[in-house]
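Below sits a lone chain in structure tokens, taken as the form predicted on its own.
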């Protein structure tokens, strides 16, 4: 999606309005003359105490207040996150990170899903956050494309291993963390994302700080400081997509948020308006600031209830095309040699994010719409195996990839696609997708989430252990000790 443009007059207006902050306004030495024939712009209102309002809500929110639908989605979020973390636990990315950090780790306070090593909680939060995002198979808040669980769950489960907490308290903290990061993301999306920030990292750190701070029992003032310290640690740029660095971002957001909450618990101070102040987070990293998204409807409108789960292990913008390709393949028993070409109309963001035409690695394949469609037509799936080094270098898939022809159509929304498979016998097979499987409108079922979990854990944990871990995830709210999930999911 192109970066929004503003005209000279709007630019000059925004520059002058930036002089208004949360404290005393800085006045110019001499006011410029008012242009003739133009209405005088209303001064920008000083935003409310956004950071404090949010902190007050987090501190006071109780598990008993969560609607049943929100609890259920929180539980599904836990299940999906644990599955993808186990699935990514033996990828080369995590092997490298474990090897690099092991010599510097502190006490063995927390485990890693799918592995035998134990690390201090700061490094464990980072590593589980990395593992959960490696396959790009994690949960997604579609309004902002934030992957909520990686930063939040990774932080609080590491903390829960060192300081036992009940499953109900854990689930409440998870929901509050997801709510925090998604609301803050709403306030600046899409402008913040368009200029290149990886919003999962930049907003995720707030979720990790809020959730950990909730479990630590921070006071309102301490929570304000925790959010402020989180604001000072934005991490993640979209340039990293297609490399190991992408999964670094939610991992670092998890450890940074944990770090912020721990410091705040000892009264390490910050500004009280780090989200909304003139030189605070929102004004510094975005040209859009809609603070109502953060403060309105707290406790009644839940962004956490809108979380979704991926049936395909790649960027969410490719899912409609994969869905269409799989449907056409299965319905028509297509084989690659019968396909002349594949025509597609896609939203501009698709080619901006996933326009790699010659991926060399599985990680790069996750950002190649041509590979995603080709492999879906050849193999009828879009799981982790379809985005492996093997798949992106398969000669049959490579040959078909060259015949996939995406074109941008501004009339197509991000969640849509128009895909037509043109066969060598002259037939054309069209398919339009309005909402892909895995969306809010067509959510994955509980059974589908379990199948995804078992597929990801295959070859890493024994079948009986997989079933036990899934059972604990489904019963998270009933557990006396949420850390039981972490201990059950490690490799013996």
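Positions refer to the first chain, counted from 1. This one's a predicted model, so the numbers in the text were calculated from it and none came from an experiment.
In what follows, reference is made to the form predicted together with another copy of the chain, a form of this protein that is not presented.
Partner contact region in the model of the complex: 126-134, out of 372-380, 126-134, 177-185, 73-81, criterion any non-hydrogen atom within 4.5 Å of another copy of the chain.
Under a 4.5 angstroms non-hydrogen atom cutoff, another copy of the chain in the model of the complex lacks residue 394 among its neighbouring residues. Proximity of residue 170 to another copy of the chain in the model of the complex: non-hydrogen atoms within 4.5 Å are absent; the residue sits far from the partner. Among residues of the shown chain, residue 267 is one whose heavy atoms approach another copy of the chain to within 4.5 Å in the model of the complex. When contacts are judged by a 4.5 Å heavy atom cut-off, residue 243 counts as touching another copy of the chain in the model of the complex. A single residue from the set 415, 120, 293, 418 has any heavy atom within 4.5 angstroms of another copy of the chain in the model of the complex; that residue is 120. Contact with another copy of the chain in the model of the complex, defined as a heavy atom within 4.5 Å, holds for exactly one of 327, 388, 166, 109, namely 109. If you take 96-123 and check each residue for a heavy atom within 4.5 Å of another copy of the chain in the model of the complex, you get 96, 97, 99, 100, 101, 103, 104, 105, 106, 107, 109, 120, 121, 122, 123, in sequence order.
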